[in-house]
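Only one chain is included here, represented as structure tokens and corresponding to the form predicted alone.
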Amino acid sequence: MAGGGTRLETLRSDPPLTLRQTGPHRVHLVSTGAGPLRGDHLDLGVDVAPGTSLEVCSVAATLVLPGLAEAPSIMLVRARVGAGATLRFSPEPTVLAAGCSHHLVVRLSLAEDATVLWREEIVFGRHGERPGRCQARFDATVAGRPLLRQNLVVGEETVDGSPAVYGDARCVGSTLVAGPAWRPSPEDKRERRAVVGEGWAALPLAGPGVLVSALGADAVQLRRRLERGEDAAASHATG
């Protein structure tokens, strides 16, 4: 809208993932059916018009379940953020129930001066169970240029227990913060350094952004550590 206002023009969904407007520029994802189950293919498209802002949340965690199909479940999220627009994408965690097989794919496209905070949290199974398998792929571009390419695998026994990967953690998460405020200034010769805390790290990217990564014993600890990293990422902002 002219003047930078926000209006939800189109809101369309079908079970098991239903969209509900909960504020002037806020949408919540609501699970209205079981799943995703093996064989399900869910597709979520988000288009934030130039000069507007949108926050996407969820009312509860997503429980990925096993099923009778041989094929994995797929969750594809496609998001486009226009010039001068802002997107905050911060749903509740994804829980990988035993026996599930899941692919999570994110394709995020940012305009040159768009801003985003994108948080993902994965919990390794319900209480007392091993997780199913998950492959999470994240691709982000700014004005068509790659900003972040990340691939994460959960549920491989040789990987999950490695002290070089997850160790004894039960959750893993990441937050991408990006936008013109994190674009290095040609006049600023200071080295952009990583900030590391207990169980988390904020790593400046080559482009205009910072990636926060964290591990946790449970979802509460993971969220706390990601938020600490997000606060640290703000220190990299130039404006």
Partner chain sequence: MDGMRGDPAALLLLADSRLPAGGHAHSGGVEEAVRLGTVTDVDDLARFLRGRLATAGLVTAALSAAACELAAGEPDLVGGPGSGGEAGERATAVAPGPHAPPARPYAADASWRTGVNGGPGAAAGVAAAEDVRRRLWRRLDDEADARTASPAQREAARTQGRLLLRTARRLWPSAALDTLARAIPEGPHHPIALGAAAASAGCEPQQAALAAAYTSVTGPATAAVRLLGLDPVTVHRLLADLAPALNDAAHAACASLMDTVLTEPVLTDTALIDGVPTDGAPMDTTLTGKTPADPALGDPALGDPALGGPAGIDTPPGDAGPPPGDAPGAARAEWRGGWAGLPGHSAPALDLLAEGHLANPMKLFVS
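These numbers come from a predicted model, not from an experiment. Numbering follows the first chain given and starts at 1.
Separately, the form predicted in complex with its partner chain exists; it is not shown, and the next lines address it.
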Contact check for Ile74, Arg78 and Pro163 against its partner chain in the model of the complex, heavy atom at 4.5 Å: yes
Selected contact from Cys100, Val95, Leu148, Leu87, since only one has a non-hydrogen atom within 4.5 angstroms of its partner chain in the model of the complex: Leu148
Any non-hydrogen atom of Leu226 within 4.5 angstroms of its partner chain in the model of the complex: no
Heavy atom of Gly45 within 4.5 Å of its partner chain in the model of the complex: yes
Contact of Ser31 with its partner chain in the model of the complex (heavy atom, 4.5 Å): no
Heavy atom of Ala60 within 4.5 Å of its partner chain in the model of the complex: no
Members of 203-221 lying within 4.5 angstroms of its partner chain, judged by heavy atom, in the model of the complex: Leu203, Pro204, Leu205, Ala206, Leu211, Ser213, Leu215
